[in-house]
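Next up: a single chain in structure tokens, the form predicted alone.
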């Protein structure tokens, strides 16, 4: 894949897309974004040299039109909430399983060479002793995790049946700028810090995740686009650092300059993994990926973005 070729980014007006599309455009790529703007925002791409097409990944005709004249796809569009998938598994299936199938099938019809898919580590693998990696046996405990596993399955099948060069990148828990519409714990903590309400922790605070900055995820996606790896490859893009919810709360409080902000504990929620962090060794070996943004640097930068862009009113 050369920078002069065109690339379609599905969900490119969303959180990760806002950073990724900027990087691709700055790197010389001709970028077209397909987004239904249900969670994305056209304003995220303001001033960026990229074409934005409003459309849905479940619409085969819209995908055919969006892929015309392009050479590759980065598929970010998804229903990304674990809790939302438990509440409405049918809607999650429609977007994540049927939608991903539609993207792969449209790529097949269009003769696309490379499709890079956004996947997940923790929700897909489920409860397992960390660190997890590409050899960990998937046992998802939420419809969201199952939907991402199905997407990886279709990507592998399309690679073997049709020669489509697919690479699935399993994200850690992504954070960073442009994430105002994301319903993750960091957003919830920041909103509580801003409003003065207690920070709510579900469970006893020992649940853990692998928090990775959106700059590092965007770097991994571009490497997956450009490096010569076999179709059907699955890789973890993570920080390799285990962070408990209690540790995250402390890091967020320090980032906001209020280390004594109150915390309220509530019962654990169904469908959420207990402990999780991942090894990125294979991504390092095959892509040259390594995280560059630490929690201690990334969270204060993200808090500043929230203050400047979300809480300024």
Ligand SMILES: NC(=O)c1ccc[n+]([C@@H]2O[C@H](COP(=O)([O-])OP(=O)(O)OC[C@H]3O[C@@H](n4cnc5c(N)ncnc54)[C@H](O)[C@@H]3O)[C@@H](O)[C@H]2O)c1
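Numbering follows the first chain given and starts at 1. Please read all numbers here as calculations on a predicted model, not as lab measurements.
Separately, the form predicted in complex with the ligand exists; it is not shown, and the next lines address it.
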### Task
Work out which of 299, 293, 24, 16 lies within 4.5 Å of the ligand in the predicted complex, going by heavy atoms.
16
### Query
Even though the ligand is not shown here, does it sit in the predicted complex so that 5, 116 and 155 each have a heavy atom within 4.5 Å?
no
### Task
Examine residue 272 and determine whether its closest non-hydrogen atom to the ligand in the predicted complex is within 4.5 angstroms.
no
### Query
Taking heavy atoms and a 4.5 Å cut-off, does residue 76 contact the ligand in the predicted complex?
yes
### Task
Evaluate residue 151 for contact with the ligand in the predicted complex, applying a 4.5 angstroms cut-off between non-hydrogen atoms, and reply yes or no.
no
### Query
Does the ligand come within 4.5 Å of any heavy atom of residue 166 in the predicted complex?
no
### Query
If contact means any heavy atom within 4.5 Å, which of 57-65, 24-32, 277-285, 243-251 contacts the ligand in the predicted complex?
57-65
#### Entry: Within 4.5 Å of the ligand in the predicted complex: residues from 25-53 (heavy atom criterion)
34, 35, 36, 37, 38, 39, 40
